[in-house]
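The chain that follows stands alone, in the form predicted alone, written as C-alpha cells.
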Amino acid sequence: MADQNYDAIVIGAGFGGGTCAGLLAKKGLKVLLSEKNSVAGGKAMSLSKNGYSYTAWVVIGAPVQDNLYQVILDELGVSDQAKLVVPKNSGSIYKTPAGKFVAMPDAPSDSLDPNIIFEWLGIPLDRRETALQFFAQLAVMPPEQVAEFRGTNLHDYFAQADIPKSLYAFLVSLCCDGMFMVPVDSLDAAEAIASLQAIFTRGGGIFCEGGYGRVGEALCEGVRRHGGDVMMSTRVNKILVEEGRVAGIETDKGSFRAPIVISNAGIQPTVLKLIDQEHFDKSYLNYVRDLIPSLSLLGYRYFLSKPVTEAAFGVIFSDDSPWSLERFQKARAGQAPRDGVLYYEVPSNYDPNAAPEGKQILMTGSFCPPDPDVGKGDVADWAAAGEETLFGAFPELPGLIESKDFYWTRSVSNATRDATVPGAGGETIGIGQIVGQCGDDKPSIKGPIAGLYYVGADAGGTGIGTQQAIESGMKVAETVARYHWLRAGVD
C-alpha cells in the first residue's frame, strides 16, 4: 500500500497526468499517481490480443522532429521504455469526383514537388500558382500573424484564400479528423495553422512500438524512478475538500491526503462528479457544463490473414468529406449521409511485433457524435459509412478478415472519461479546440478551489492531441511546483 500523505496527487495516467506526475517527482515532491485502468496512456492506451498489439484506436502523432514524446521520455530518463518509430510509407487516398480511389504518389518527403500533390488532387494548371502561394504563406506565417486568426474559424480562413476544393478537402481532412476532431467551421484557425506549420516543417506520422500506451507506461516508470508512487486499477471516487481547499482523494483502495490535487480526468468529470458541487459557485458550474467537447471516433480493428497494404497510416477522403457543423448535425439527425473522412492505421507496418508473421492488423477511425448513449441503429449507420469508404479503397480487404473488433463512443468513455454532461463523455480528445475555447479562452489549469489543478487536453496546452496533453503536463508541473514551494515557505 502506498503512503497515505503526499505533496501532490495526480488523478489519471494519461499523457498529461503522467508527464506532470513524473516532472513533479523529479523536482523532489512526494507524488502519488492514481489510474483507474490496469494500463496507462489514457485515450492512447495500448491493448493486445492473440499476438497482436496496438493502440486502442487510431492515434497518429505529429510533429516528427522535436516531438514532445521524446522530450519528456528523455527528461524523465525513461527513453529505454518506449521506442518511437517514423514509418517510411504512408498512404493517403483521394476519392476523385468520378468515384475512383487514387493513392498519393510516392515521393521523398525532403524534396516533395508540390506539383505532385496538385496533380494527385486534380488541380488545374491555372489554379496551381494560387495554391502554391497559399502553401508558402501558411508555412512561413510568423507567430504574431498566426495569433491574429485567434477567434476566426478555419473554414473562413481557407475561404478567403480561395483554394481549390480538393486541396481544401485534403487540408481539412488532416486538420479536423486527424488532429482536432471538430467541424471545420468551428475549429479555431490559429490552433490549426500552427499545427499545419509544424507538420509542414517538422513532418507528420510518428508512432510507438507496442502502441502509444507504451509512452504512458514509460511515464509511470518515470514517476517511480524519481521516488513517486503509482497506483493502477484504482478508481478515484471523490476529491476531498476541507475548509475551502483540497485535502486529498477518496478511492476504492482508501483515502490519500495531499494539499494539491491535479486531475487528468477531464474538467467536466472533475467538477461535476468528483467534487461536491457545493464547493463551486453556480456561474462556474454553468461555465463547465457549457464547455463543448470534441467529437468522437468509431471504427474497427481488422485482423487480416495477410497484408492488404504496405502503408503504415493514411487518410481516405473526397471533395465532400469535410464536416461542417451544419452537415454533421444533419447527419446526426439522419438527414444527410454519414460518410466523411476515414483515418486508418496499420501497426504491423511500423512495428514488426504487432502481428503474427504473415498477418496484418488494420484499424480505422471516422467521425461520430461524442454521446456514449447514442442509439445502436445510429452507431451501425455511422460504422457502415466508414466501412463503405474503407472497402472502396481496399476492395480485397473483406475477403482477408479473420476477425474484427468494433469500438465506439461508449468504449472511449468507459476506458477514459466518465460521462457527466448529456451528449458527451466519448469525445476522442477532450474539450474541443473551437472558437471561444482556445488561447485565452481555454479553461485555466487552476481550479477555483485552493490546490486544485487540471492537466491534459482540457487545459494548459495547444495543438495536436497527445502533444497538447504533454505540453499541458509540463506547464502544470512548473506552476504546481512553484505553488508548492511558495506554500511551504508560508505554512
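Source: prediction; values computed, not measured. Quick note: we count residues from 1 along the sequence shown, nothing fancier.
Here the subject shifts to the form predicted together with a small molecule, a form of this protein not shown in this document.
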The single option of T234, S92, S348, S79 touching the small molecule in the predicted complex, heavy atom within 4.5 Å
T234
Interface check vs the small molecule in the predicted complex: of F170, Y407, F303, F256, the one with a heavy atom inside 4.5 Å is Y407
Hey, in the predicted complex, does V476 get a heavy atom within 4.5 angstroms of the small molecule?
no
Does N37 reach the small molecule in the predicted complex if we count a contact as any heavy atom within 4.5 Å?
yes
Contact between A265 and the small molecule in the predicted complex at 4.5 Å, heavy atoms?
yes
According to a 4.5 angstroms non-hydrogen atom cut-off, is Y69 in contact with the small molecule in the predicted complex?
yes
Looking in the predicted complex, is the small molecule within 4.5 angstroms of a heavy atom from every one of I193, G432 and G461?
no
Hey, of 24 to 32, 462 to 470, 435 to 443, 46 to 54, which bit sits against the small molecule in the predicted complex at 4.5 Å between non-hydrogen atoms?
462 to 470
